[in-house]
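Take a look at this one chain, the form predicted on its own, written out in structure tokens.
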Amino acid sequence: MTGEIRDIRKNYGKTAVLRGVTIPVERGGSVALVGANGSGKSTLLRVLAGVLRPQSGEFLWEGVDLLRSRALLERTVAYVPQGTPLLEELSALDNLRLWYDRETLEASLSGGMLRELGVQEFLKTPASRLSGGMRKRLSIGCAISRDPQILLLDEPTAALDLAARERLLDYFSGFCARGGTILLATHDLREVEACTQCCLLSGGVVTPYEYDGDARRLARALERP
């Protein structure tokens, strides 16, 4: 095991949203975080990304708590929220230029991860005119500018068409094959099937779940108090 999300606790006022979340994290692995709306999935990802400060807990990676080292967290982790935080008036290329130096950008577009995402297909298009799938690919492309080891993804293929969804899933598979690690919040069974590990978040705590392709069984598990 390379790391561990350990005993993360987060309150909003007097309401406990995360009550001691613990998840093992392996290099090259992918974790599907499944739960009902409002169960705390997005809150957990925002804590791990350093956007929210937890009441307690650790995000251990190779023996270091990333939550105690902002610089290391930013080098190690990339976070892609549900929305696509792009500058609408800029082209896809100009959005990328905000994150990459010229040499790195050219290399990634010609034969790196940006090319794998297919971003070169719409570089001149304003962000405001991109489709949902293009926007998501561009957002991920911006997020991985520092060559992260861990990707945190909040419902990455939600509302995308089949072709866009499969392209992203192919990219995620390649990312993990190269030794990257993914933690994603999802309602999508295709994403759950593609992950090496599944966890259910309910009542502020996480329990491991072995998904066997039975969607009804999973739904029943999510309904349990």
Partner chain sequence: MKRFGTYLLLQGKRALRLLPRTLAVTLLLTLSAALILAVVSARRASDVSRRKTLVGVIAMDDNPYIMMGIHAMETFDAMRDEISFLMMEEEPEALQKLRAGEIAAYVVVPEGFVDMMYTDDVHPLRFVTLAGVTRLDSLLAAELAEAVAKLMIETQNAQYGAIHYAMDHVQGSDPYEADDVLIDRYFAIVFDRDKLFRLETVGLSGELSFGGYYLCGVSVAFLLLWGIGACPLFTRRSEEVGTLLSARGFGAVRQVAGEFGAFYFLMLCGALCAGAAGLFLLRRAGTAVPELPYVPAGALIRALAFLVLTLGSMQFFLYELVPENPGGILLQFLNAAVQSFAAGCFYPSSFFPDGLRRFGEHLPAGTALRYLGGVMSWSGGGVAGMLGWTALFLTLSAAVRRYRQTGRGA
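Note that this is a predicted model, so its numbers are computed, not measured. Numbering follows the first chain given and starts at 1.
From this point on, the text means the form predicted together with its partner chain, which you will not see here.
K.L.:
Check whether S145 has any heavy atom within 4.5 Å of a heavy atom of its partner chain in the predicted complex, and answer yes or no.
P.N.:
Yes, S145 lies within 4.5 Å of its partner chain in the predicted complex.
K.L.:
Whether R167 contacts its partner chain in the predicted complex should be assessed with a 4.5 Å heavy atom distance threshold; does it?
P.N.:
No, R167 stays farther than 4.5 Å from its partner chain in the predicted complex.
K.L.:
Does its partner chain get within 4.5 angstroms of any non-hydrogen atom of A36 in the predicted complex?
P.N.:
Although its partner chain is absent here, A36 would stay clear of it in the predicted complex, with no heavy atoms inside 4.5 Å.
K.L.:
Indicate whether its partner chain has at least one heavy atom within 4.5 Å of a heavy atom of L86 in the predicted complex.
P.N.:
Contact check for L86: yes, within 4.5 Å of its partner chain in the predicted complex.
K.L.:
Would F175, A194 and P208 all count as contacting its partner chain in the predicted complex, using a 4.5 Å heavy atom cut-off?
P.N.:
Judged in the predicted complex, none of F175, A194 and P208 sits within 4.5 Å of its partner chain.
K.L.:
Quick check for you: of 199 to 207, 8 to 16, 21 to 29, 213 to 221, which stretch puts a non-hydrogen atom within 4.5 Å of its partner chain in the predicted complex?
P.N.:
Stretch with heavy atoms near the partner: 8 to 16.
K.L.:
Given that its partner chain is left out here, which of L189, V64, A159, V51 has a heavy atom within 4.5 Å of it in the predicted complex?
P.N.:
By the 4.5 Å heavy-atom cutoff, the listed residue in contact is V51.
K.L.:
Under the 4.5 Å heavy atom criterion, name the residues of 91 to 121 that approach its partner chain in the predicted complex, in sequence order.
P.N.:
Stretch hits, in order: S91, D94, R97, L98, W99, D101.
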